[in-house]
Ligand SMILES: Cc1cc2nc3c(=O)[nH]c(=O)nc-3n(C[C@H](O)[C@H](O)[C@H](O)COP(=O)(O)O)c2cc1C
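Given next, in structure tokens, is a single chain: the form predicted alone.
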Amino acid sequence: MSGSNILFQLTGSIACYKACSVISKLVQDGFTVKTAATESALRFIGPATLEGLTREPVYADLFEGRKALEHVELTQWYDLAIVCPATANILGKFAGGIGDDCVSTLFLAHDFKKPFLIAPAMNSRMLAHPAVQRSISVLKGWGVSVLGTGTGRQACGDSGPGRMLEPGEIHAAILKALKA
């Protein structure tokens, strides 16, 4: 298990700061972690933070020099992939087969023999929206492990379900998926 390769993908949510704690813990545990991020995620947390935590470059631009085939090569490299935090937008893209950024294209190249985890993070009204619930149902039907959400105060000031799980809970879910 330790020594496994993990692709940790981030999408645009304030919860990106919590994801950094999970990444740090995984690296400390001896996992090799590479990160991919949407442009929106990089507005919440900079590439320097992710590179500092993993000592690996951040994959964000499919057209950056020498990275045109990374979405295929990375899916062959990792033992487990996780999207944390996962926004309503990325859930819809995944369920709809849309690959218009690095993270969504990586999902389209995913080998479903390997674990793929999603840790949602969004406002409770967004989480309850029928389109988001349909996307979650579709993804689960494909074998994706959609983790639950916490309940509590959200960045917008609302309170309810949709809050990303705590770093320790996500870390434990990753360890469990690697043991399976």
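This structure is a prediction, so every number in the text was calculated from the model and none was measured. Note that residue numbering begins at 1 and tracks the sequence as displayed.
Unshown form predicted together with the named molecule; subsequent notes refer to it.
**Student:** Only one of 51-59, 35-43, 22-30, 135-143 gets a heavy atom within 4.5 Å of the named molecule in the predicted bound form; which is it?
**Tutor:** Answer to the contact question: 35-43.
**Student:** Quick check: do Ser4, Gln9 and Asp79 each get a heavy atom within 4.5 Å of the named molecule in the predicted bound form?
**Tutor:** Verified in the predicted bound form; spot residues all out of contact, no.
**Student:** Does Ala119 make contact with the named molecule in the predicted bound form, using a 4.5 Å heavy atom cut-off?
**Tutor:** It does not: once the named molecule is placed as it appears in the predicted bound form, Ala119 has no heavy atom within 4.5 Å of it.
**Student:** I'd like to know whether Ala128 contacts the named molecule in the predicted bound form, with contact meaning heavy atoms within 4.5 angstroms.
**Tutor:** No, no contact at 4.5 Å.
**Student:** Heavy atom to heavy atom, is Ala95 within 4.5 Å of the named molecule in the predicted bound form?
**Tutor:** Answer no; every heavy atom of Ala95 is more than 4.5 Å from the named molecule in the predicted bound form.
**Student:** Using 4.5 Å between non-hydrogen atoms, is Cys84 touching the named molecule in the predicted bound form?
**Tutor:** Output for Cys84 is no: heavy atoms all beyond 4.5 Å of the named molecule.
**Student:** Hey, which residues along 146-176 are within 4.5 angstroms of the named molecule in the predicted bound form, non-hydrogen atoms only?
**Tutor:** If the 4.5 Å heavy-atom criterion is applied to the named molecule in the predicted bound form, 146-176 yields nothing.
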